[in-house]
Ligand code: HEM
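One chain comes next, on its own, written as C-alpha cells: the form predicted alone.
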Amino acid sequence: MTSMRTAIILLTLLALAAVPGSLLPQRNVATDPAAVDRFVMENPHLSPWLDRLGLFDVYASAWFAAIYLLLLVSMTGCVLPRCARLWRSVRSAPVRAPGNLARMEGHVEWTAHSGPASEASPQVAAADLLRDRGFRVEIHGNEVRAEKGYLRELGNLVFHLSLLVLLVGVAAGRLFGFEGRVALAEGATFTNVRSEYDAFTPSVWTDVDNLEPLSFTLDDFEATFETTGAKAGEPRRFNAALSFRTGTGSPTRVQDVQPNHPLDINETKAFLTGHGYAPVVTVRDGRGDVTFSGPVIFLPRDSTYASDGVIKAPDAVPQPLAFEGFFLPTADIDDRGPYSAFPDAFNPELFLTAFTGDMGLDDGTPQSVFTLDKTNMEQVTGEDGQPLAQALAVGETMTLPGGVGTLTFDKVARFANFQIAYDPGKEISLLAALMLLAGLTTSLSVRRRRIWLRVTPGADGAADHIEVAGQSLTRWPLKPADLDALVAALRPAPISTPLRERTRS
C-alpha cells in the first residue's frame, strides 16, 4: 500500500471509475433533473443493470468510495515518508567533496603561495564570496563545501504535500458537505430544510438538522435568446432575481443569481443550473370550486424548451382530476404535428388530455410530481368517443364533458433549477492547488548545484595546490558564472581558456 506503484495504479483506477460519471446522467449531480428518468425510459433493458452497479450515482457509490479511501491511505504512506526525506535534504549540510575533483564539472586547478598571515586564506575568501552568491557554505579543514538550490527540494516537498492536502480536502467535502436540488417557479419560496429539497444527498457526517438558516424567493426569472442570424435560438443571458433572508428576524436582501455567480451564504451556495416554463392554470371541479391554482413546472425535453408536465387536482369533486400534456413556448405545426419553433414564449400553447379517478396518492407510495399513475384512472373522452385533447392559448379554458370540471390557462411563468451545495473542503482544495502550482514551478525552475574548493598545502614551503570544481544536480549544466567569479577572486591572473568551454555537460 505504501509503494508509489500502488498509488499510481489506484489513481488510474479512480480516473477510470470517474468515466461513467461523465458519460452517463447522474442523480443529484446533473443539471437536468429528468436526465436519468429519460435515459431509463429510452433504455429500459440496460438501465436496471446500470442502476444495480451504481452507475447513475457514481461518486456516491461504495466501490468509488473504496478506491478513493485506498488511494488516500496509499498516498499517505507514500508521501509522508518522502516528505520526511525531502525535509532532511532541505536542512542538510553541503556534502563533502569527491576524492577526484578533476572528474567534476568546470574543474580548475592552479598553484599559489600562501599570503601573509594578515590576509584571509583562500578557504575564507571563497566562503565569503559563495555566501554572497546565495550558497550554503561550510569549511572543513582545507576544504570548502558550498551548495545552492535547496528551494528545489522544498518545492518537491510542497508539491508532494499538496497531493495529500488535495485528497484531504476532497474527503472533507464528501464527509461533511451536501448537495441538493430544487426547482422554483416565479413567486415560490425555498427554505433550507431537508424536506424542501426535490433531491438531497447528505454526506456521512452532514448535520441535516442544523443546515444554514436560509430562505429565498424567486421574484423573477429572465431568459434572453438570439433572435436573428444563424445562431437564432441560442441562449444569451439567464438571470434569477432573488430576495433572501439568512435567519429569523434578519432583513430581506436581494441578489441576481446567474450561471457561475451563485448566492453564497456562509459557504452554502445556490447555483443556477437550469430553467424552463411553469404554466399558471386554474382547475375547477364539478361544483365550480377552485381545487387547484398556480404554476405547474413542465420539464424541458429539447433545446426549444418544448416541455412535458402533469397537473393534479386530487381534491376535485365528484372525482379527482388530472391533466397530462406538453407546453410549447412558440407553438407551430407541420407534417409531424405541433412543435416549438423558438425557445422564447412568443406564441405559448398548452396541449392537454384529461383523466379522472384515483391517482394512487393515498396509499403512501412516493410519487413524482412529474408523472401520473394511470392504473386506476380513466381518460376523459369527447362526444365522438375519442380521448379528449385540446390546445389552449393563454386565457382559454378546457371544459370537461359531463360537468366534472374545467381548466383555464391563465398565463406563462418560468421556473429555475438551483443546485444548493455546502463543501467545507473547498478552501482546503484551493490551498492544495496553490501549493501544487507553487511547488511544481519551484522544483522545475530552481537549479540545485554544488561547488567545492580544496587547498592542498605544498611540502617544505612549496606552493599550495588549489582545485575548484562543481556539480549540477539537475538536467541543466552548472552555471559557469559561479565558478568564473570564484576563480577570478582567488586567482586574478588571466585564464587562457574560458571556463565555459571546459565545463562538462
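For the two forms, the rigid core is made up of the largest set of C-alpha atoms that agree within 1.5 Å on superposition. As the structure is a computational prediction, the values presented were derived from the model and not from experiment. In case it trips you up, residue 1 is the first one in the sequence shown, and so on.
Separately, the form predicted together with the ligand exists; it is not shown, and the next lines address it.
J.: Tell me which stretch of 158-166, 266-274, 173-181, 371-379 has a heavy atom within 4.5 angstroms of the ligand in the predicted bound form.
T.: Careful reading of the contacts points to 158-166.
J.: Can you pick the one in Q26, S443, S47, S472 that has a heavy atom within 4.5 Å of the ligand in the predicted bound form?
T.: Of the listed residues, the single hit is S443.
J.: Identify which of M75, M398, A316, A354 has a heavy atom within 4.5 Å of the ligand in the predicted bound form; exactly one of them does.
T.: Checking each option against the ligand in the predicted bound form, the one that comes within 4.5 Å is M75.
J.: Determine whether any heavy atom of L71 comes within 4.5 Å of a heavy atom of the ligand in the predicted bound form, and answer yes or no.
T.: Answer yes; at least one heavy atom of L71 falls within 4.5 Å of the ligand in the predicted bound form.
J.: Find out whether any non-hydrogen atom of R96 is located within 4.5 angstroms of the ligand in the predicted bound form, and reply yes or no.
T.: R96: no, not in contact with the ligand in the predicted bound form.
J.: Residue-level contact is defined here as any heavy atom of the residue lying within 4.5 Å of the ligand in the predicted bound form; does K148 satisfy this criterion?
T.: Heavy-atom contact with the ligand at 4.5 Å: absent for K148.
J.: Using the partner position in the predicted bound form, report whether A485 sits within 4.5 Å of the ligand, counting heavy atoms only.
T.: Although the ligand is absent here, A485 would stay clear of it in the predicted bound form, with no heavy atoms inside 4.5 Å.
J.: Taking heavy atoms and a 4.5 Å limit, what residues of 7-21 are near the ligand in the predicted bound form?
T.: A7, L11 sit within 4.5 Å of the partner.
J.: Under a superposition restricted to the rigid core, does R237 display a Cα displacement of 2 angstroms or more between the shown form and the other one?
T.: False for R237: its C-alpha shift is below 2 Å.
J.: Has the Cα of C83 moved 2 Å or more between the shown form and the other one, judged after a core fit?
T.: Where the cores coincide, C83 still shows a C-alpha shift between the shown form and the other one that is 2 Å or more.
J.: Are G425 and L72 closer or farther apart at the Cα level in the predicted bound form than shown, by 3 Å or more?
T.: Farther apart, which means the C-alphas of G425 and L72 are at least 3 Å more distant in the predicted bound form.
J.: Out of closer and farther, which fits the Cα atoms of E427 and L11 in the predicted bound form compared with this form, where the change is 3 Å or more?
T.: Result: farther.
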